[in-house]
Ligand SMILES: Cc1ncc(COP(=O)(O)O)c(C=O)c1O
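Shown here is one chain on its own, the form predicted on its own, set out as structure tokens.
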């Protein structure tokens, strides 16, 4: 392998949210396995391109050249079988920026928006900050895993008349990669009821063997014209701090409304665009090796929990580097579980209830890190749970 994902890189003291904020909030000995960035260096081609650009010494205004649009078109065709046109692409500094823009330009205060908890907390916070009414179409937890409640979605949409639905695919935090059948059913409900789909597909390239990411807009012309798809290289290539993302908006009227609403706002920066092009142009080997390493991490956690911590269940992800851990059998409420993880385990996970009320009793674990961190975190968890049993 070209990349050594077992390498330990010290991120302390780099104004790193994942590590430095954890130390500030939880203590020096805490292992951070929360916020969704990885503890792996970006592809060497990205590092070299940024160094080369920095040597030019002048960092004035820049623009996006045609080749950058070309790599987006090529990547979507090659990886997802989706033929798009250059003019559909709108560059952004982040996916959440695209969600916020969509809420701002396609809805008004008190308008309804559908989300599917447990889901990424920023879906809540951005909509709430804008005074939108959130309609919760909770995912159903079955013996086979999480599924969309399509019957409730249809009823909710027909009754409450929302303007937008924010879809998460692959879904954060549960790791589902929605099937074509599921997406087709969702898309038909939204088209029939004139609900625009805002599809957060930031994890679209972190998908494991046996599963395939399908952009909802790629399924048919009707969905294409009713969707705004948001993507970025940030999760796949660990470049979130460089602030570069994009929207795909095939519908010209939606695209004009979106871009007009962004007048005066940033679309990115020199180093973000530099890394963006290189990620999509030269990052395929990095991605392949990363997925192999992450799959072994997932298997490691799965085996460890079955053998050492049978009261904690992992929902095996189909995509993302995030694990959804069911800790309800520990018999704690959300405050007790938070305190237990913070004070006894000394590992920082994301608390499940931050993803919605249905997430209470769960924790989200980031396994985008060297396996030694995972082993230490699980050993701490096992020891804390064993001491809990003694008491």
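Residue numbers count along the first chain shown, from 1. Just so it is clear, the structure is predicted and the values come from calculations on it, not from any experiment.
Below, we turn to the form predicted in complex with the ligand, even though it does not appear here.
- Proximity to the ligand in the model of the complex, defined as a heavy atom within 4.5 Å, singles out one entry of 254, 96, 305, 136, which is 96.
- Note on contacts: among 36, 325, 50, 358, the single residue with a heavy atom within 4.5 Å of the ligand in the model of the complex is 36.
- Each of 120, 172 and 235 is positioned with at least one heavy atom within 4.5 Å of the ligand in the model of the complex.
- For the ligand in the model of the complex, the listed stretch (176 to 184, 199 to 207, 306 to 314, 80 to 88) containing residues with heavy atoms inside 4.5 Å is 199 to 207.
- Remark: residue 168 counts among the residues lining the ligand in the model of the complex, judged by a heavy atom distance of 4.5 Å or less.
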